[in-house]
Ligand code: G1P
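Below, in structure tokens: the form predicted alone, a single chain.
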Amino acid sequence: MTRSPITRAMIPAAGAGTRLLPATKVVPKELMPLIDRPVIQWAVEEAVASGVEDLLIVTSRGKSLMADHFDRNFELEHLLESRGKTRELEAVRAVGEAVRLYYTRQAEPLGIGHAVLQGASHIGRQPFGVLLPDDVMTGPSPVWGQLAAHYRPGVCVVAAMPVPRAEASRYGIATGTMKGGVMEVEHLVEKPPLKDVASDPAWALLGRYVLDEGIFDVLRDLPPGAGGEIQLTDALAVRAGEGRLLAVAFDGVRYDVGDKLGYIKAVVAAALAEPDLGPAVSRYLRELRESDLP
């Protein structure tokens, strides 16, 4: 896949992680591990693999551990080197080396749209990416890069996935005609009631975005939406009304790791994908299925 010419992106990571309490009382949900890498590192690696060179992470109070994770730890590196643990040393050093990382804070929990606004001065007047770390996405090629391949000036692009109509009220739902894996979105509603969802499956919009620079102006003019927050979905609905929003049916799988079941599924999938670990995990799962455990 050709790397995107869009080289700036941000990761909103200021949420409280209430669905995973008490584990997230002290440890940010973004640092919950998927095998040997924290959740946020999966999003960072996806961005880098897609061509992002400059990445802004939007944090909040109590989340300085994320910056520590991506920083150098010379004491640990010296320990690993002295013990000949070359593989572990290379993995630790590689964590923050592939991209320029910057940080800013969202002082109040006023929604993802508000978090995106915190990056306006850093991003400047150019298109950029947004990757929500709660959505871990894997595929034959980086999912954000798949979206960036469809970007054109003045248009926003969002990842889309078909979901059963009965589950549509859990997502932002787009309507329009999907052709060749791309939909020109005509209408967008956040968590619509079931009676307002006509199609089955419905097209849900997920946490990967390519946004045009004008989205900052839209967000600044938005009144507070659901929960009194500035919702990114509301800004995208404005773009849809202008005929400037594309939804792309990405090639891959998405896991909601902010949800307990979604987190478990992501851990299992990540374990099965590890060459050194996958066969043993697969055997264990077969044994578990054949056992008398409830």
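Quick caveat, the model's predicted, so the values are computed rather than measured. Residues carry their position along the shown sequence, with the first being 1.
Keep in mind the form predicted together with the named molecule is missing from the figure; the text below concerns it.
- Looking at 94 to 102, 142 to 150, 118 to 126, 167 to 175, the stretch with residues near the named molecule in the model of the complex, meaning non-hydrogen atoms within 4.5 angstroms, turns out to be 167 to 175.
- Contact check at 4.5 Å (heavy atoms) against the named molecule in the model of the complex: all three of L206, T233 and R254 pass.
- Note on contacts: among E190, E184, E77, E213, the single residue with a heavy atom within 4.5 Å of the named molecule in the model of the complex is E190.
- Though the partner is left out of this view, I112 does reach within 4.5 Å of the named molecule in the model of the complex, counting heavy atoms only.
- The closest non-hydrogen atom of L132 lies within 4.5 Å of the named molecule in the model of the complex.
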